[in-house]
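Given next, in structure tokens, is a single chain: the form predicted alone.
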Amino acid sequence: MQELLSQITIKVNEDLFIKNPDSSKLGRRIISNSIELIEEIGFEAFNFKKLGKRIGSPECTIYRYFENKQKVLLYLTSWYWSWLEYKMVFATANISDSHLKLSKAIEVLTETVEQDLSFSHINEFLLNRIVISESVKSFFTREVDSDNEAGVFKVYKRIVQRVSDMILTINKDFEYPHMLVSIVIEGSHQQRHFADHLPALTDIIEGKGGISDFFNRMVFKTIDVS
């Protein structure tokens, strides 16, 4: 999988940037430092002035790449979902058994994220933490409908559709596949957040795959056809 992923270029919706940050060293520095800074101080405190100071470049140079900081967040979350989709596709490609395929897809969506060295300017571990804590701010906005029309959430929706199709392969009469997959994705994020900050609200034990196991059990019991 590592060799295959190393040959992949992650594409992000062009409406999210003015100049593709992946096209230059400065652009990649903007992305890598945005991830580090947002993870350190949170999205509310993040701004281009602080980012410019961090990368040693005038604030105006960042505006050549992004219109505002909301576009940066949308870019980062879109990149993450595209990366996760590739991981899921490769992980399930050679699995013919429908139950095993669905189980593996759920595992990919809910497992602990580690840094992928195939993309040197992206720290996927830190990016996952941003997605967990900040991604709802990408679609709980007044602009969500226009962003949706522009295709900003296309990859996220495609992931949900892929796993929904796996569910329907097992139980074609199940009425709520998209709802169930959305709950798995957002619920796993919530449980990881609880584990870090409100441990009394979760049953995760550090070092054990409790989240993936829980959501695998939940999905298969929910779609049970017996």
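Worth saying up front: this structure is predicted, and the values here are computed from it rather than measured. Residue positions are given as counts along the sequence shown, with the first one as 1.
Keep in mind that the form predicted in complex with a further copy of the same chain is not shown, yet the notes after this line are about it.
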| query | finding |
| --- | --- |
| Interface segment, criterion being heavy atoms within 4.5 Å of a further copy of the same chain in the predicted bound form, picked from 81-89, 140-148, 108-116, 94-102 | 140-148 |
| Heavy atom of Q191 within 4.5 Å of a further copy of the same chain in the predicted bound form | yes |
| V12, heavy atom within 4.5 angstroms of a further copy of the same chain in the predicted bound form | no |
| Proximity of S133 to a further copy of the same chain in the predicted bound form, heavy atoms at 4.5 Å | yes |
| a further copy of the same chain contact in the predicted bound form: P58, any heavy atom under 4.5 Å | no |
| Interface residue in the predicted bound form among R64, R162, H178, R54, criterion: non-hydrogen atom within 4.5 angstroms of a further copy of the same chain | H178 |
| Residues within 4.5 Å of a further copy of the same chain in the predicted bound form, restricted to 30-45 and counted by heavy atom | I38, E39, E40, I41, G42, E44 |
